[in-house]
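Just one chain follows, in the form predicted alone, and it is written as structure tokens.
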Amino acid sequence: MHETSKRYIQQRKSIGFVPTMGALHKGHLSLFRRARDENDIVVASIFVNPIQFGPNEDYDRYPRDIEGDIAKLERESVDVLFLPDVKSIYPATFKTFVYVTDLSDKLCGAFRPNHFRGVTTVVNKLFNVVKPHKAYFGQKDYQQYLIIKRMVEDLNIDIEIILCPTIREEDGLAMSSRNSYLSSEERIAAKIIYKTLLEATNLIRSNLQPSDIKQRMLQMLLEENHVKEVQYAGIYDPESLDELDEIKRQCLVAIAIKIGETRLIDNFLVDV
């Protein structure tokens, strides 16, 4: 991969990069298409990163479909697939981690200790290997995007980080590899996330206070019987991820819940 990227750079070709954990869906495909539009070469990586999973999380059962993923990448005219194994990314001597303080401890970070340390470490390594000019991330994982953007700025990494819109199912559920965990009843129940985000957006634009909007969001989510836990739901600053006391020009409306045993996240960026 190092040599392949060096060759493209010597040919003055721009490289667009989409890092993934596989089990590719239409959300991923939209990132490849954006990268294709803006670059000479498109590189995708597939690597289920063990150090971003907690001890009781779903690393072993995370969806994997390498053959199906390769077929999708070929249809999208992706030029290069980087498919490393765990030992090549984390040899036995590995001892270095990258950690963005503050941002990594909020929202999802409060419920998944060391998750974002794992994300920033592997993304930094992938950036060093692939050497892209631009890298593409979906808005569904907005906190991840923000943390990676901060890492790139703080460490003077010469890569443009690009946020792309969330791709949704017809009923509004954000596309995610983890949606495959849902039973048919849970899948229907998951629509409540999108409905709650829409309701919160309307309330923001009607000048209701964030604390009142949060209560309405919690009420809607907890009225759905399949919602077993609301980890967070509210109105946040899109730069600091702090919960807002009053509405700002732009707000992040974000939700993380468990439906059955499946953890789902989603968000809207709302311009007021």
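The shown structure was predicted, so the numbers you read here are calculated from the model rather than taken from an experiment. Note that residue numbering begins at 1 and tracks the sequence as displayed.
In what follows, reference is made to the form predicted in complex with a further copy of the same chain, a form of this protein that is not presented.
- Among 134, 187, 72, 117, the residue placing a heavy atom within 4.5 Å of a further copy of the same chain in the predicted complex is 117.
- The chain is drawn here without a further copy of the same chain; in the predicted complex, the stretch among 198 to 206, 134 to 142, 166 to 174, 101 to 109 whose residues come within 4.5 Å of it by any heavy atom is 101 to 109.
- Remark: all three candidate residues (9, 12 and 124) come within 4.5 Å of a further copy of the same chain in the predicted complex, counting heavy atoms only.
- When a further copy of the same chain is considered in the predicted complex, residue 87 lies well away from it, no heavy atom lying within 4.5 Å.
- Mapping the unseen interface onto this chain, residue 129 counts among the residues with a heavy atom inside 4.5 Å of a further copy of the same chain in the predicted complex.
- In the predicted complex, a further copy of the same chain lies farther than 4.5 Å from every heavy atom of residue 160.
- Put simply, residue 193 is far from a further copy of the same chain in the predicted complex: not one heavy atom of it is within 4.5 Å.
- Contacts between stretch 137 to 161 and a further copy of the same chain, counted in the predicted complex as any heavy atom lying within 4.5 Å, involve 150, 151, 154, 155, 156, 157, 158, listed in sequence order.
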